[in-house]
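Okay, here we've got a single chain as structure tokens, the form predicted on its own, with questions on binding and movement later.
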Amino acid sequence: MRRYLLSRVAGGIGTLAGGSVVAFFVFHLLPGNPAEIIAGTHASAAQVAAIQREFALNQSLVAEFVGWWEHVLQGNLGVSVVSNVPVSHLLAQTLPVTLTLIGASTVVALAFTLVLSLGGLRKGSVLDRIALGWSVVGLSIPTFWLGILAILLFAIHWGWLPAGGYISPYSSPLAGLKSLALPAITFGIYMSAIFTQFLRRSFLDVMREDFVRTARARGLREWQVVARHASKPAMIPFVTVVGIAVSTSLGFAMVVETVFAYPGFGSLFVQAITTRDYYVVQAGIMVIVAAVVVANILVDVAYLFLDPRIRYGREG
């Protein structure tokens, strides 16, 4: 197991390095010059050249990439070419906000999913049809449209919740939960549609297995069959989906954050792409790739608890 984890970590570092190479050169090939954006439309050539020298944008792509990685290995992610603020400081401000949103959205999604997916225990039941309809509708409705509809109903029409913005729940719990409610519910509904579809199908498949029929033949009650025999096998593909969805939520959260004016990582990333803020974009891509790598490793570890037959490496 230890050897397997070390190999996965080494592979993750390689994936991170490869992703940074692709992102760096592809993004630099796009038209536009960040120095011209910073200087403004009426800036002189000398002013643009001075900004390029200040942020080392006048070097070749290879030299700039090597220099960027040298700073990264020293713990320096660079300075934003737009706001002149260290990228690490921007990430420290925005990542906790987005992680709070993802955590709350995941709780909402799992709450819906665990209730609705019980319909998978009996195909064709009312709850099963509701779960199927929920997953289809949830995946069909665009997230931004659902967010706008939530603002119109809960913020403007009824006035129950704020339409946007962010208040830390650690500084003001009630106000923070109110500002978090609409984005979390919007994103959580989308995530629950994905989760429900997979968990329902997984339960339907497992409940037809021979070991489930054997457990029923032994006289066990239905809830005992589900809890002792069917739940763990059904959770294996579901854990994979949850791990992938949560890890990629850093990227998908930008839609929700844009709709609700949420000052998180997604909003920062979108703004950095728009303004050609190379260092922020590069660091953001590394964060997203690192989240995917870590989530995949955690999913593999979770398999050990769900299925004892799985072993990684010679150490078991």
Partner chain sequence: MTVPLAPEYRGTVSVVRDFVTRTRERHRPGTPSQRVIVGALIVLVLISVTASLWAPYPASAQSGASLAPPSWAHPFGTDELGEDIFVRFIYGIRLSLLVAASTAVVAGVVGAAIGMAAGYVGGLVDSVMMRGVDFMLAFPTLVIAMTIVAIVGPSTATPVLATIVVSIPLFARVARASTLVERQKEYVLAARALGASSVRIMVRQILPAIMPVLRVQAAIAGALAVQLEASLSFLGMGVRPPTPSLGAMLNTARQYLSQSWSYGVFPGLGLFLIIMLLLMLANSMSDDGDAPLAKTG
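All of these numbers come straight from a predicted model, not from anything done at the bench. Numbering follows the first chain given and starts at 1. Only the largest set of C-alpha atoms that superpose within 1.5 Å between the two forms is called the rigid core.
Although not depicted, the form predicted in complex with the partner chain is the subject of the following passage.
For the three residues Lys123, Leu152 and Phe269, a heavy atom within 4.5 Å of the partner chain turns up in the predicted bound form in every case. Using a 4.5 angstroms threshold between heavy atoms, Phe252 counts as touching the partner chain in the predicted bound form.
Looking at Pro96, you'd find every heavy atom of it more than 4.5 angstroms from the partner chain in the predicted bound form. Proximity of Arg201 to the partner chain in the predicted bound form falls within the 4.5 Å heavy atom cutoff. At a distance threshold of 4.5 angstroms between non-hydrogen atoms, Gln47 is out of contact with the partner chain in the predicted bound form. You can rule out all but one of 181 to 189, 102 to 110, 167 to 175, 140 to 148: in the predicted bound form, only 140 to 148 has residues with a heavy atom within 4.5 Å of the partner chain. This chain is drawn without the partner chain; in the predicted bound form, the residue among Val72, Ile194, Val226, Leu127 with a heavy atom within 4.5 Å of it is Ile194. Proximity to the partner chain in the predicted bound form, defined as a heavy atom within 4.5 Å, singles out one entry of Leu91, Leu132, Val82, Val239, which is Leu132. Residues Phe269, Val270, Ile273, Thr274, Arg276 are the members of 265 to 280 with a non-hydrogen atom no more than 4.5 angstroms from the partner chain in the predicted bound form. Core-aligned CA deviation for Ile13 between the shown form and the other one: 2 Å or greater.
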